[in-house]
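Okay, here we've got a single chain as structure tokens, the form predicted on its own, with questions on binding and movement later.
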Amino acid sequence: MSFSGDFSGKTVVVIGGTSGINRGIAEAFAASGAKLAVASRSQEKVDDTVAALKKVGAAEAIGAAFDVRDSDSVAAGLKHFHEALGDFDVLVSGAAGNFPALAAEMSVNAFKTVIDIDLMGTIHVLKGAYPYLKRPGASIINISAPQSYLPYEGQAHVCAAKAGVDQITRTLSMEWGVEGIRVNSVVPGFIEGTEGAKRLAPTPDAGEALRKDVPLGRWGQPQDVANACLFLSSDMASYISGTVLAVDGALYQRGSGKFGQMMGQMLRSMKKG
């Protein structure tokens, strides 16, 4: 069996799919001929993305604006997608929130915000989509982060939230696997052109220093993450479920290392200033 990358006739839903890595994933599925539905909080971004998806080859493309923290809005949006495009062959849950903050300095509300977006948002999306998933054969991909298994200073909220996301992945791979639904997580590395990359490497020199830390010697591209999602959603991956797949050029084999320390040092320095 060869991997064709053809998703013609398939319905793909990408939550958070109007920017960054998630938009790259949506565009890759669109280029493979799929029917796309995307969602984020910004109607303007939704409209722009839908137009772009049609240009790159989507059989159909629709969108909706809603906040993943609101389970009722999520359920309504996903119902709309199902009515328009039919059962979901692929669901990508990628909405996320993050900001650097030391735990002792972070308000309970700030911590809760990230939990509500990353963790509660994930379960809202998965539960809202559950009635509409193709059985058997649906593929769910949660976009995770290295903080799910690597401790980073200044990231206690994200570490807690993303660890929960990956445990949802593992648990639902068993609970929903009996219905022929596969559930996996993808962990992106340093991906060029994203907001995260801009924060980590605001200057060309910083970007070059980070590139040298990646064993494969280059920054990742949105297409690298999209390729992993295409594979995991294809028949070639029909026996892969419950997996947390890092797409990082082997960077995270080195742990959080200086990156986790760097964030803590930056935050403590700001506090002193």
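Numbering starts at 1 and follows the sequence shown. Quantities reported herein were computed from a predicted structural model and do not represent experimental measurements.
The same protein also exists as the form predicted in complex with a small molecule; that form is not shown, yet it is the one meant from here on.
> Please pick, from E179, D87, E195, D72, the one residue with any non-hydrogen atom lying within 4.5 angstroms of the small molecule in the predicted complex.
It is E195.
> Would you please decide whether S256 lies within 4.5 angstroms of the small molecule in the predicted complex, comparing each non-hydrogen atom pair?
Because no heavy atom of S256 falls inside 4.5 Å of the small molecule in the predicted complex, the answer is no.
> At 4.5 Å between heavy atoms, is G20 in contact with the small molecule in the predicted complex?
So G20 counts as contacting the small molecule.
> Decide whether S238 counts as a contact residue for the small molecule in the predicted complex under a heavy atom distance cut-off of 4.5 Å.
The answer is no: S238 has no heavy atom within 4.5 Å of the small molecule.
> Does Q223 reach the small molecule in the predicted complex, with heavy atoms at most 4.5 Å apart?
Heavy-atom contact with the small molecule at 4.5 Å: absent for Q223.
> Among 166-174, 129-137, 90-98, 75-83, which stretch has residues with heavy atoms no more than 4.5 Å from the small molecule in the predicted complex?
Of the options, only 90-98 has residues within 4.5 Å of the partner.
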